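Given next, in structure tokens, is a single chain: the form predicted on its own.
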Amino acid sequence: MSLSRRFEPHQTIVEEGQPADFLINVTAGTVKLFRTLSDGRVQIVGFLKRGDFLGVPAGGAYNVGAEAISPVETCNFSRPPFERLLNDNPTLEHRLFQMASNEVAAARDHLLLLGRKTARERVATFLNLMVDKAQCGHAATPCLDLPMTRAEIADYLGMTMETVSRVLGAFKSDGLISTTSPSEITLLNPDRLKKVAEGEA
């Protein structure tokens, strides 16, 4: 019923349009989701971390492509027997329905992020999103491990890599964050960063 798989960085997990024969649960690592635009360009539309699912809601094909950013481990559930399990387990079915609803909300939020927010607001929103995914928001100064490159962050935010780097530098100068390496960012003032994300600071 389930199959464990491991992927190395830059390895494709699923291709956009591939038959969605499996419901995929990320059990380790970070995955980037992308869509191919009509002109051939690729747009990053999201990131998955441990505990996230790919293939919800169910459909005939995956509506995004997925690629490992870091070493990734997944647990793949064959869809027909998994759907039979859902029929026998309403609690699990409800949880997946909530995940599907969250996915729709995330897509809506991403459109808002690209269309209405300033560069500072976009980067602050991204950092807050990563805190939520890492489930470290309870810490006074959450520390993030971001395996994605600045270029990948910029692509997701609809910005240039230079602008992302400039905004992060400004956040550092303002005492909002500190960095020990390009991939490690500590949020020194999470409350103020949330206000920046909402355009209130």
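Under this definition, the rigid core comprises the largest set of C-alpha atoms superposing within 1.5 Å between the forms. Sequential numbering from 1, following the sequence displayed. From a predicted model like this one, the values you see are computed outputs, not experimental measurements.
Keep in mind that the form predicted in complex with the DNA is missing from the display, and what follows is about it.
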May I ask whether R150, M161 and R166 all come within 4.5 angstroms of the DNA in the predicted complex, judged by heavy atoms?
yes
N89, heavy atom within 4.5 angstroms of the DNA in the predicted complex
no
Does the DNA come within 4.5 Å of any heavy atom of P182 in the predicted complex?
yes
Using 4.5 Å between non-hydrogen atoms, is T118 touching the DNA in the predicted complex?
yes
Any idea which of 153 to 161, 60 to 68, 44 to 52, 25 to 33 reaches within 4.5 Å of the DNA in the predicted complex, heavy atoms considered?
153 to 161
Quick check on A170: with the core superposed, does its CA move 2 angstroms or more between this form and the one not shown?
no
Would you say R35 moves its Cα by 2 Å or more between this form and the one not shown, aligning on the core?
no
